[in-house]
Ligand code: PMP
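One chain comes next, on its own, written as structure tokens: the form predicted alone.
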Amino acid sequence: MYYNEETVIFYNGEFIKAKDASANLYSQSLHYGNGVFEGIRAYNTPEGTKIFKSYEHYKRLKYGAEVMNIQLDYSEEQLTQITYELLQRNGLKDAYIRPLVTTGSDMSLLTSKETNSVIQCWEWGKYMGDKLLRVKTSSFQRPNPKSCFVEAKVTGHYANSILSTNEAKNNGYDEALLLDMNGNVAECSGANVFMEKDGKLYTPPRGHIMAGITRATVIDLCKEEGIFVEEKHFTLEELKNSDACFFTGTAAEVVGLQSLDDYQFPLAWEKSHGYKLMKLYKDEVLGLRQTSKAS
């Protein structure tokens, strides 16, 4: 589903066929998880194909490479230009984009001096679908922020997400919700959390979470629309006494929750702030909000 015989990728400075690329079985990324990646979307807007917040995503990619001591010499602008060309070569106007930076052959625990950079893209619908989610509280916690750089998208960090997702799916749920080391709500396996209570929205603050670019966009939309939003810690008990809840992420966009464990969120999704923000976010990425503002 991700590539075919004609798919083109950008690999170490060249555009090549995906089928011709080879993987390094001695890569430090494969053995130890020392690599960084991004998840970006391009949308087919009335003004043509637009990569949503490309600069912000590539800035985070470069931040991740920096904190993991991985050499990445491209600028955000260069990476953006390369990505637009990649989309064009693949004939894609609406796509998910996956830049990945891996490290070379080195079995020591010092970052390898060899770097491999790849950008891939493919058609991909909303990662969590469109239906309301049944969510399970995970038995796994998000990593202690003193154990790693929690706001860097490091490949190895996502073993935690795989564990929590497997647990949820194997128990008949759609997704997992993880707490932090202090027992507060952190995030789901691959998206941020917003809670609605008495007409106000709350989302966990930075520190124990991957503070997503979609999360920041939704906070900005709230401020523009006059929706109260506060970044604060809250417990699982508080979430299970709230009116509604939704997740945000580049792959998931904005998706609502039906239930958490045995708790059913009482506010109808169509009457919630999350539903309104889902629509506003879609207009934002398609460039329709500015059009409506201008008119």
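Quick caveat: nothing in here was measured; it's all calculated off a predicted structure. Note that residue numbering begins at 1 and tracks the sequence as displayed.
Keep in mind that the form predicted in complex with this ligand is missing from the display, and what follows is about it.
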Counting only heavy atoms and a 4.5 Å cutoff, which of 107-115, 75-83, 164-172, 213-221 contacts this ligand in the predicted complex? 213-221
With the partner left out here, check for me: in the predicted complex, does some heavy atom of F149 sit within 4.5 Å of this ligand? no
Close approach of R142 to this ligand in the predicted complex, 4.5 Å, heavy atom: yes
Is there a heavy atom of P204 no more than 4.5 Å from a heavy atom of this ligand in the predicted complex? no
Using heavy atoms and a 4.5 Å limit, would one call S242 a contact residue for this ligand in the predicted complex? no
Since exactly one of S138, T155, N192, N90 fits, which has a heavy atom within 4.5 Å of this ligand in the predicted complex? N192
When you measure heavy atoms, are H57, R60 and T250 every one within 4.5 angstroms of this ligand in the predicted complex? yes
